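Heads up, the chain below is alone and in the form predicted on its own; it's given as structure tokens.
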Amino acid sequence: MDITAAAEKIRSMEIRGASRIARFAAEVLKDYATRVGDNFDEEMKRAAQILLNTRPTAVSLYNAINYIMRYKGKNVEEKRENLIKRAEEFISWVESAQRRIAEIGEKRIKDGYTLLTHCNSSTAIAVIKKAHETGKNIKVFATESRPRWQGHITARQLKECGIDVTVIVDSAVRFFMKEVDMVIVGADTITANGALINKIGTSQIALCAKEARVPFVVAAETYKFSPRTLAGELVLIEERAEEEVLPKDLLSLGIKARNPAFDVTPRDYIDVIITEIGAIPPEMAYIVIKQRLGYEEVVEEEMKIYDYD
């Protein structure tokens, strides 16, 4: 696929969800590497930069590209071979991590639980599906997740597995929280201090859960933890087009709309983060970044190579 066309698929949210975006980027770079000629380094850096600029909040995209772009080789063919190998390693990481998270996460779901989930997280859905597969009788509330309606996708995916699912409007979360036994959501980014950046509305759900003493659980692969926040950078919250919120007739009147795609949930609202290396408290984010993601190599070296702005 052409790099520009691939980038547009991510930017337009045809490819959505942190895990899917990361895997897609890995597949695109792998394919592109097979078609690049003598200017291998320059062309791969250009492709990486185009992909990086599509979704600034999704650290999974950043970590995927950084992992793949740390290829080595004495000549073009060695570099190409090593890049393809690293891309395949990352794709395998995506697949195995989600399976492991499902196995760990379902243990926290008891028979008869009513769960609440937000947006369309393939990782959170994997945990819910695994609980259902083990024979647990569960019910799920899925928020609509406006303005892109990702909750409808979640509801369809859960129903196809035979899970009892009910869609609720985003603003009804507090109303239904008294019926919920556990909230489980995915993650776009986990910061060095354990905060969660996820679909807009997540922080309000976490606040409602804390008020009601309902466990708030995050399902997140370790490649969603952000090395850049350990270097002191703040996460850029993406704002999307007004047209996703207001119809053209209202916009034509000069009415404005704000459309942030994500918000920040403080670590104090998070009970546990389920990762492929285990169920960890948010305070362990620092250790994950240092030990799992190779902080020094990723941040101190790679950020010198690319202009991420």
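All residue numbers are counted from 1 along the displayed sequence. These numbers come from a predicted model, not from an experiment.
The form predicted together with ligand RUB is left out here; the points below concern that form.
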query: Options 122 to 130, 136 to 144, 108 to 116, 76 to 84; stretch whose heavy atom lies within 4.5 Å of ligand RUB in the model of the complex; finding: 122 to 130
query: In the model of the complex, the residue from Q150, S203, T229, T222 that sits within 4.5 Å of ligand RUB by heavy atoms; finding: Q150
query: Any non-hydrogen atom of I289 within 4.5 angstroms of ligand RUB in the model of the complex; finding: no
query: Partner proximity in the model of the complex: V183 to ligand RUB, non-hydrogen atom cutoff 4.5 Å; finding: no
query: Touches ligand RUB in the model of the complex: R23 (any heavy atom, 4.5 Å); finding: no
query: Close approach of A187 to ligand RUB in the model of the complex, 4.5 Å, heavy atom; finding: yes
query: Sequence-ordered residues of 38 to 62 touching ligand RUB in the model of the complex, heavy atom within 4.5 Å; finding: R55
